[in-house]
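What follows is a single chain, given as structure tokens, in the form predicted alone.
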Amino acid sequence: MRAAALLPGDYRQALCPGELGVEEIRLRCGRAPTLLCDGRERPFSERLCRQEDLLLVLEKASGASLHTVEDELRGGYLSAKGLRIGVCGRMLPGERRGFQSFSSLALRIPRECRGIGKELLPAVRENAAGGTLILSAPGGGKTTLLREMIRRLSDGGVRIGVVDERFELSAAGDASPGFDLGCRSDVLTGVSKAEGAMLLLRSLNPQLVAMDEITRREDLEAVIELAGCGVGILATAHAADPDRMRLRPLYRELLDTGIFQLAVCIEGQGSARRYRLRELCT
């Protein structure tokens, strides 16, 4: 497990080799460390976590250069070769905004799950020239399903440009190719979704652009630009279903563009996850 390499030595030893189904590792100061499996947390060591344990993880994840990732940390997370580490703690006020100290970390474990959502593929492939959204609450498996849909569509003949802003889709490192995103995928990492989408549009001639988590207005503007150029879009968003999307102004505007005709709603957690297709009214 890639995340285990970031942990203190005794925590690494406490993990069972080849532990299956782990979605997150949680470290909280003054509490026992836990694993999130199938939607439930359970402790894996009796030793309570200390502030220095959190600092050690962050130092390893940043390549011993925490100061170089301060901007990313201000957003509440740190990306490390496919891992997203959520950060919580005491923040400094005003212009010096940043973390003064850390109280908890959530190491999200990326994985390939080949074969998931195979029943969705015909509908998603048929809509490849249009727009498809993958929806769930945070931690619901959107990125994992998106990764598999990209691979299946790409291997099936669709030329896909992937904007991997946080290295979560590809999990590519300096010496590692990361996850398999298909033989016809061109992957752009370490750039914002909006900027990356325009770079792919200008230089790679994609039939479809895939991106994880539409969250900002510039993401919406990039989606509109792509659709106007005849490029299909496969993306994720934080919402349980389209009805709840409409409670957020940005998402309501996104749906009102009529660009997205299909939504995949992920229900349940862990091995109990189910996928439901919904057509979106235009």
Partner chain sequence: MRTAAALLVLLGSLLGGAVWQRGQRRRIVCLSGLSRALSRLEAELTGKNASLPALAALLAGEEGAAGAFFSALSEMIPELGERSFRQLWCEAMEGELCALNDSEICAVRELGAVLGRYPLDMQLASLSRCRKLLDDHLEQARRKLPDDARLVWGLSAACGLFLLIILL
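Residue numbers count along the first chain shown, from 1. Predicted model, so just to flag it, every value in this text is computed and none were measured.
Beyond the structure shown, there is the form predicted together with its partner chain, which is absent from this document and is the topic of what follows.
Note on the interface: of 27-35, 211-219, 225-233, 47-55, the segment with non-hydrogen atoms within 4.5 angstroms of its partner chain in the model of the complex is 47-55.
A residue is said to contact a partner when one of its heavy atoms sits within 4.5 Å of a partner heavy atom; Glu59 meets this definition for its partner chain in the model of the complex. Within 4.5 Å of some heavy atom of its partner chain in the model of the complex lies at least one heavy atom of Gly63. When contacts are judged by a 4.5 Å heavy atom cut-off, Ala123 does not count as touching its partner chain in the model of the complex. Residue contact check for Gly9: one or more of its heavy atoms lie within 4.5 Å of its partner chain in the model of the complex. In terms of contact with its partner chain in the model of the complex, the residue from Glu70, Asp243, Glu253, Glu41 that brings a heavy atom within 4.5 Å is Glu70.
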